[in-house]
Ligand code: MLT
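Take a look at this single chain in structure tokens; it is the form predicted on its own.
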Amino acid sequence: MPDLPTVVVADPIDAAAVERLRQGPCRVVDATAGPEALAAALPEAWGLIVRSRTKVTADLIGRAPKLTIVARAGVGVDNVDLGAARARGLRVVNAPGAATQSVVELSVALYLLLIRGLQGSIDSTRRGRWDRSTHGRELAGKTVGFVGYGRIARAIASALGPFHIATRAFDPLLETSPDATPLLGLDEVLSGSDIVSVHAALTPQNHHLIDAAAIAKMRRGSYLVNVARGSLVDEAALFAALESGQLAGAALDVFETEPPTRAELVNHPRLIPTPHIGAATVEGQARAGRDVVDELLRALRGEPLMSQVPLPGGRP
């Protein structure tokens, strides 16, 4: 009887998903303990499951001669060298819909915290103050501008319906809007929004897409929220805008360096920082684990894949 293909779990995923994978026609190796465990498992790896911690570099791929498929238990695949994957003939799959609801809820929560000034109220109450003076505004009637209008941003726009929000979006990959949100130029979105919400994928072309010049085009006293990728926002420019009052506040779930190293930004009283937890709900992680295990089981059975990531230079 031939040896079963080995699937290496490099980063922790939902335990129920791992158990279901163990029932499939494969051998599962838990390499989540760290780099040494992963290095020991790579030579036999037919499949590799990662989240964001493990970087699937050309070097890692070169140390896995039997590797045929990489499964990213999440949406973004910027931790996978897609060029190296294509050169090796690997398939890359992800879980594009798993985190949508979790990120939607975090985004709306951050909008509310910012526009009502709730973080400051929470902090002052804990310090023994009882400040009931009028402060903050309602979210209703405001304009939210999306930078990037993919699945998550569209779901946020839908969720904002009961708040009677006006929405607008910039997305150069879309020719027409899939809903009632108008597609506009970046400058129009920046200058016409009370809250600018960043949801673009990170590419070499849009590194620091929201830089000092972009922030200067935003309404004075508006807000910036980034739950996508840290390097889309120039953190030095953001700090300067918070200091000057150009921005009334900001919320970041992602940072250029993680954990973040700019203490002055993280500790700024008008910034709400969270530790890249947009997808990190119990439900979101269960869906991510389930979806990538489904894909691996399809691959093991020789069935068509449902969430294969296009690789550079041609079709998947």
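If you're wondering where the values come from, they're calculated on a predicted model, not measured in any experiment. So that there is no doubt, residue numbering starts at 1 and follows the sequence shown.
Unshown form predicted together with the named molecule; subsequent notes refer to it.
For the candidate spot formed by Gly74, Arg229 and Ala279, every residue has a non-hydrogen atom within 4.5 angstroms of the named molecule in the model of the complex. When the named molecule is considered in the model of the complex, Ser52 lines it closely, a heavy atom lying within 4.5 Å. Proximity to the named molecule in the model of the complex, taken as heavy atoms within 4.5 Å, picks out 74 to 82 from the listed stretches 204 to 212, 143 to 151, 74 to 82, 184 to 192.
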